[in-house]
Each structure stands twice: as C-alpha cells, then as structure tokens.
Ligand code: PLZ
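Only one chain is included here, represented as structure tokens and corresponding to the form predicted on its own.
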C-alpha cells in the first residue's frame, strides 16, 4: 500500500480494495434515491456513490477503493482534490467567490489568460477569453471565426465530438445518444472525411493523403472554400474513438485552411494539459492553430473553459460580444492557476509520456494475444483499444460493454467511446502510480480473457 506519489490528491491509500460487490448496498440505496431526484436522461456509467478520491483512486460509500482509469473524462489530470488546487480554491473562496469579470474584474482571470497565451502552440501575439464548458468554448470559437472572416460556414470531420448544445450537436457526428431527437440543429455546418487509419478502405499508409484530398475536394466543390469561416478538429478524436489522424492529414488540412483564408480551430478540450505527453496534442504534429479551445483538464476538476488565439482574430469581436455571467469565475481561475503550476513544477507532461509508454506496451501485449482487439492507438495517457469480431473489422460493442462491466465489478473505472460503441479508452490521472496503473491494466487483461 502506498500514498499518492505526487501531490495529486489527499493522502488516500493508493490501492484497489474490494469490500462489497460493486455496486454495494449503500450504492444501491443511493441510486434508488438518485432515480427519484435526477432526470433519467442524465446517465451514470458506474452507479456507485463517491465519497472521496485522490491520486489514482476513487472511494465509494461502501468502502470500496477503485482504480481510476477515467479521470472524470480527462478532467482531473493533476489528480482528484489535488492539495495545491484545493488550497487555492479555499483561499479564493474565503476572499470572494464571484463578482462577474465583465462587471468588476480581478487578477485571476487575467493570470489564467496570460498562462494560456504562453502555453498554447505558437509564439505569436495571443489573447484569451474564459467560459464555463467545452461546448461553450467551441460555440464562442465559431462566433469569433465568423466575425473575423466575415464568413458563415463551419467544417468539421467524421467521428467528431464537440459538445451537447444546439450548435455543438450540429458539429458532433454521432447521433445516439448525443443528437437523437434534439433537432433541428444549427445551419451552415458541413462534414468532411476524417483520416481514420484502422478503417480507411485502402489501408493506413494511404489514409492521410487520401482523406485530406477527399476533404479538400468536398470543401472546394460542395461548400465553397471562400464561404468557410473555420475548420474545427480534435487533434486526436475523443468520443469518436481516440482516433489519431493518418500521417500528413492534419498538416495538409492546416495548409489548405491557410491557403484559403479559413481559420483552423484545434479542439484541445480532451487532449490538452499534458494528457497526450505534450502540453497540447497539436505539438505532436507541429501544428500552430489560429484558435484553440480548452476545458476539462484546465482547472483540476472545476468548470472552466477558454478560447485562445491570434490577437487580431480574438480582438475582432466588438466589446460585449464575448462573455457570460460565470465565465472565468475567480474560484475556478484559482484552481486553474494551481493546476497549471502543478503540471509544470511536477513534470506531469513528461510523466504522461513516460506512463504512456507503459500503457501502450501493455495494450499492445493484450492485442498480440487477443484477435478481438483490432487496433490499439493514442498518445501519452490518452489511449484506447478497438474491439471487433475476430478476423474482421466489424465492431463488437457487446463485448466492449462486457469488458467494461467486468472491470467495474473488480474495482477499475474504465470508459467506452467510439462511433460504433466498440472502443475501450484509458485516461488515468497523470499522477497515478506506476504500480496502480499496472494493476488496473491487469484487471483489464482479465476482463478481456473472460469475455472472449
């Protein structure tokens, strides 16, 4: 038994401990209460009652300690209740909790913007604006792009996910559960092919250039490049299945955008803040976006999001055109500054790359022994396996559900993803101990063996 190896959470024992079945009796009673209070449209992947979390573990009301390989969907990169974050939140809350930056501003908002301007890709002059959620950041990126270019069309890719608001549902590809029944959606959104190496008809090697050519042709002939304000893309697709674009796809699309006056918007909401072994996933491709949207890992678990971009683009919007009552709340800004400092001072970007090598090695080993694992992909501590029927690339969502259920029953939090619901994704906190990560992956391997 160990405690958290870094400062990524309260000093909870860093161990998997099973006291009852999962969910246990207290969790079941809690879920009955939940069903009587919470709308049924709000789902829960693992129906327990969380009472504490820190480092790489989550503790439920039955006393079970679970290994966290999900990080609240890539949110608690620095660990849950990281002491630096919790202390910063407490100090700021004691001073003041809200004034609305648009009414009476404060230093925390400005300092977060300064840090984002410094850390996001590119050495050009930048400005930032703060919001509440990833979807809100994406919507504001579209607003900014339309004003800056005087154009209205927005291009996104197959398998993309950008949020659950009306505009971002239009940008998101997958229908169920994100879009089904919620239309009509915002207009002037167009979808082009994505370089999905595992599923590209002519193979992974030709995927990048062929998908880019198809996408560019579609924009030229069916949309009109001179009508497009922005192309929005996740450098590694998240909900779509942790798809790393085929080689050359991203650079070619960025060049096409530049040549045609289209702003390239990198959605780094799930990939940012060290998650992929770089501060931002664009850095793996040497891409410098015009605009970057961030959220999730930015504030150690508190709701904050941002748009950062070239100063002339960000400043094109009239005064009062950007903002929101809670955007850049002082308490969440304090959390963000503490989380960013922790990522830097504790070398968590480098740690993500190092642990990512272990994760990839373990997943590759599982794939070598299991013909139902069609693909292993990702970067850093954002990796996944795609499950298929052996001998084919036909998606196997039923086995995916069974694998995830088996890991949950043994005290390991895993998540699914993918357009076809057949991807098991791994997003452990960047502070997780190596032993705990390996133990969690041992359970995953057992679940795979049990579901063949």
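Quick caveat: nothing in here was measured; it's all calculated off a predicted structure. Positions refer to the first chain, counted from 1.
Below, we turn to the form predicted in complex with the named molecule, even though it does not appear here.
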Inset, instruction - Answer yes if any heavy atom of residue 276 is within 4.5 Å of a heavy atom of the named molecule in the predicted bound form; otherwise answer no. - result: no
Inset, instruction - With heavy atoms only and a cut-off of 4.5 Å, decide whether residue 133 touches the named molecule in the predicted bound form. - result: yes
Inset, instruction - Would you please decide whether residue 163 lies within 4.5 angstroms of the named molecule in the predicted bound form, comparing each non-hydrogen atom pair? - result: yes
Legend entry - Contact of residue 349 with the named molecule in the predicted bound form (heavy atom, 4.5 Å): no
Legend entry - Residue among 185, 326, 178, 96 with a heavy atom within 4.5 Å of the named molecule in the predicted bound form: 178
Inset, instruction - Let me know the one among 343, 244, 269, 157 whose heavy atoms come within 4.5 Å of the named molecule in the predicted bound form, would you? - result: 269
Legend entry - Residue stretch of 191 to 199, 115 to 123, 261 to 269, 317 to 325 approaching the named molecule in the predicted bound form, non-hydrogen atom distance within 4.5 Å: 261 to 269
Inset, instruction - Decide if the three candidate residues 370, 375 and 424 all line the named molecule in the predicted bound form, where lining means a heavy atom within 4.5 Å. - result: no
Inset, instruction - Quick one: name the residues from 279 to 312 with any non-hydrogen atom within 4.5 angstroms of the named molecule in the predicted bound form. - result: 296
